[in-house]
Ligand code: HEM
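As structure tokens, one chain now follows by itself in the form predicted on its own.
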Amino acid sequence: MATPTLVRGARATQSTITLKIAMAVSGILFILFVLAHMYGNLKVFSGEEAFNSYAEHLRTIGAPIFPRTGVLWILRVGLIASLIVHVACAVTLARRAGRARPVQYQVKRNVNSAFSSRTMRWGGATILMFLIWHLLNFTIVKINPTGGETENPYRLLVDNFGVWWMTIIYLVAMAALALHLHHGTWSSLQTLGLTNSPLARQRAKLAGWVVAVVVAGGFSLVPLSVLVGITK
């Protein structure tokens, strides 16, 4: 009678490992995307013409083989697919953890864990809601809160971040992104077996900090420069 139980347990363990690997890989793909997106955003410091030229180049990648914005939408669909995989894996793993521990601990067990690890769930939810708004704001609907241009990428960006509460929303999302990337980078490297020594663990922790600071910091430079009047 013990054999079927062991088999079920082995299958459950294997499934959990697969989910963790899928979550790690999709997370790394997301990191690569946001790094590229951040680089593009920083083009705003080169001026309106340079930024708009970059935005137009993104829409014409692969022409004439692909239609206008064709490659860009392939990348967007890939990002959305990675995001769906990431969220689905996270929800499934969280439910399994809840079923494995139906009675909550009477004493909190996470007092020694990093703050970023304790905020992964609400941080992930914050990022997801922000991404939906961000796509509506700058891509799908193109919302300009000042009533100004929507087809000029530079002016749309500057007009949005010239509104203080829009910048606050963006910066809060970047804070959530920084925390998520900090722990997520470490967790992904651990899942992929890249933290098997003290030196490797130290490097993974450093990588988490570097990715979080570079990405969230780089994204935050643009709205802050608009808000204080450096970018006009």
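All values reported here derive from a predicted model rather than from experimental measurement. Heads up: residue numbers just count along the shown sequence, starting at 1.
Note that the form predicted in complex with the ligand isn't included here; everything after this is about it.
Residues within 4.5 angstroms of the ligand in the model of the complex, judged by any non-hydrogen atom, belong to 185 to 193 and to none of the other stretches in 66 to 74, 202 to 210, 185 to 193, 42 to 50. If you check the ligand in the model of the complex, you find a heavy atom from every one of 20, 31 and 181 within 4.5 Å. In the model of the complex, no heavy atom of residue 135 sits within 4.5 Å of the ligand. Although the partner is absent from this view, residue 85 stays clear of the ligand in the model of the complex, with no non-hydrogen atom inside 4.5 angstroms. The closest non-hydrogen atom of residue 162 lies beyond 4.5 Å of the ligand in the model of the complex. Interface residue remark: residue 128 is counted as part of the site for the ligand in the model of the complex, having a heavy atom within 4.5 Å.
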